[in-house]
Ligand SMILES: Nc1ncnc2c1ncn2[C@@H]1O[C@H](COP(=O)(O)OP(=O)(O)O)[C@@H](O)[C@H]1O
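Next up: a single chain in structure tokens, the form predicted alone.
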Amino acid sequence: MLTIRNLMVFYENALALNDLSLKVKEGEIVGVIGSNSAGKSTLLNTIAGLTLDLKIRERRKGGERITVMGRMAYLGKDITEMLATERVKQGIVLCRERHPIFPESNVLENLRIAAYLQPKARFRKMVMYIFELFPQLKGLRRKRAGFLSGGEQQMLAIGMALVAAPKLLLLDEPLLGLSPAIQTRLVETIEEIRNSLGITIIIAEQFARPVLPMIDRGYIIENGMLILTGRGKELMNNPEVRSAYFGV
């Protein structure tokens, strides 16, 4: 579904991604694991087209602060120069880190805003699915999103991504700042989304322990470089991964 070859991203003189290549097959859950500042968010932003959009805005101001090199192909089509808005229409949807919701709007209004490109019939169907997936949101549908807990905001953020009709769903640090119980619930939900909707998922996380058991394949990155890849269970049993991410 997605092939990335020799991707490099520079912010001025800082190298954010260094010659990174990866593949994602349709129907997979693929994990991108790394510590803070490893390059995870840059990778997902680049796949979603946000890095390209930022580069274009910088160029309009007369600057060349951002450089992107390498190639990306999605469903057999080169998307390296495709704008983020077009990528969304093609089914590449990013759920950004730290619960990107509209705090002054209620839960239902947030979902409606995210579904602006979708037919009303599909929106109604997806809202019903989201409320089945996250039952607590149904009772909060008229509550302002800014008053939701961190876990509830993350559920809403994932729901907003789902109503945008993703074929490839990019989840950036969905477990960040959540309690272990909520993390476990969200991991189960991510698996349910893949199994029930057939959506391909890339999840970028620094919390490897809850993520590795559910992924089909994983990529470990540090300082923007790919250092290790393998199936989830292989990485779980790798002594270097256990030492770096499990503290054992």
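As the structure is a computational prediction, the values presented were derived from the model and not from experiment. Numbers follow the displayed sequence, beginning with 1.
One more form of this protein should be noted, the form predicted together with this ligand, which is absent from this view; the next part is about it.
When contacts are defined as a non-hydrogen atom within 4.5 Å, all of 16, 37 and 65 contact this ligand in the predicted complex. At a distance threshold of 4.5 angstroms between non-hydrogen atoms, residue 197 is out of contact with this ligand in the predicted complex. Proximity of residue 183 to this ligand in the predicted complex: non-hydrogen atoms within 4.5 Å are absent; the residue sits far from the partner. Looking at residue 54, you'd find a heavy atom of it within 4.5 angstroms of this ligand in the predicted complex. Judged by heavy atoms within 4.5 Å of this ligand in the predicted complex, the contact stretch among the candidates 209-217, 29-37, 175-183, 189-197 is 29-37.
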